[in-house]
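Here's a solo chain for you in structure tokens, the form predicted alone.
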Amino acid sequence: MNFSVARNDFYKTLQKVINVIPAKSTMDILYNVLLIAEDSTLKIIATDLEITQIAWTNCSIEQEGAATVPGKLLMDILREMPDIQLKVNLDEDYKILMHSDFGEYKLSGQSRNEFPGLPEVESETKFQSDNRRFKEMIEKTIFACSTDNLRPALTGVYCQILEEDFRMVATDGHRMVKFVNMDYENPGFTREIIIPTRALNFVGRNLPDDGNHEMVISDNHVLFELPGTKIYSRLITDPYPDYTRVIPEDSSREMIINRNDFIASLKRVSLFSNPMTNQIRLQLQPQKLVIDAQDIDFGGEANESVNCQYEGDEIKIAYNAHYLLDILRHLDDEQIRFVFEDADGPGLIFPAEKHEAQEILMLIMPVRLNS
């Protein structure tokens, strides 16, 4: 293997895949990236066996070849270099030599045969999606996923490719998000898959704002084909719970409130909540919301009033402040609609005005009121 490449191109390509390298692994080869020089292209591949990412850039090749090299070390070297031309070659002992105007750098590599192969994703199940909308769907769902590995299905986002719309759902049992995209043309099939949160983080990071991307879905993997990179991810195969059962069909009480005012007041009052429970209480009164919190252990308490539109009976509900703030921060609208039946059932939060060709529903479960 013998090629030359601009430092900036080499660095930006490696930067795309570097975070796939696991922090800890029993397989040392996974700390390496695979460099492949062929057809005037330098490909860089990283994997942790669950996620595999390929990125590429143009280069000038004298001799095609491939080898693996420690990824983080290569990244550190390239980070400290200016944008100059680098010459890279591989000797018979898998030593990788990099030559620059400043000097020479030698890294110990390994044969490509030691590196895991690419997942097989050969399928006619292909699906195109708008980049901007899909990125928005990722950002507004992944925060609600669980981190509990004892419930693996909830650690990913449930994606439903249906005849009329494309849905993404996330929940950790305390809160739930459902994002429905109706600006959508069915690809000729229906499918339900669970994509790990980490994979969607990588996809969101690499998605440009404009254009479309393609998803290829097999039995156990999904492949995202993006500009300049491909991301393979293993699917979560555990069954996803029936999320529709927790969404109430009828809710008699409704409040409309300014989202920014609500967030600001919650942030201040929640400073006085118990650090173990993070409980805040909402007391709804006609045209007014009273927010209060109390930390009995340290004797602190606070309450504030926020104007709102509400015509129902007085009612008091308790929530985890962190979960409620998380939900509110992932809505963009100035006014939000908060719908609920009683103090024991779930609260539903929507944008106050409907959006064209999309629906967002956020659900939060109450907590037991402290006396």
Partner chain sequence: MNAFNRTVVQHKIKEFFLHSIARERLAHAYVFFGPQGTGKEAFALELAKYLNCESEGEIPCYNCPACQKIGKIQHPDIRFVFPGMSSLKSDEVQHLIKQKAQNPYADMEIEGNKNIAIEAIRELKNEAKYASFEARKRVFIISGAEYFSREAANSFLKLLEEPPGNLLIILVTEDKYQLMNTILSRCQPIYFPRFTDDQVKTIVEQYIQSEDDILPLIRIAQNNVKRVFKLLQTDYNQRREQAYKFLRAIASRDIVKIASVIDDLTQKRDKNYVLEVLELLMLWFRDVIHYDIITDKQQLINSDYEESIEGFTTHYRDSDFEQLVGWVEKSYFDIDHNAHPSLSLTNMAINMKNELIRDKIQKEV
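Residue numbers count along the first chain shown, from 1. Because the structure is a prediction, the values reported are computed rather than measured.
The discussion below concerns the form predicted together with the partner chain, not included here.
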Want to guess which of 59-67, 301-309, 29-37, 342-350 is within 4.5 Å of the partner chain in the model of the complex, heavy atoms only? 29-37
In the model of the complex, the one of Gly204, Pro152, Pro248, Gly228 near the partner chain [non-hydrogen atom within 4.5 angstroms]: Pro152
Name the residue from Asp238, Glu192, Asp261, Asp91 that puts a heavy atom within 4.5 Å of the partner chain in the model of the complex. Asp238
Would Phe115 show up as a contact with the partner chain in the model of the complex if we use heavy atoms at 4.5 Å? yes
Can any non-hydrogen atom of Arg234 be found within 4.5 angstroms of the partner chain in the model of the complex? yes
Can Asn274 be called a contact residue for the partner chain in the model of the complex at 4.5 Å between heavy atoms? no
Is there a heavy atom of Leu49 no more than 4.5 Å from a heavy atom of the partner chain in the model of the complex? yes
Give a yes or no on whether every one of Lys24, Pro119 and Asn220 sits within 4.5 angstroms of the partner chain in the model of the complex by heavy atom. yes
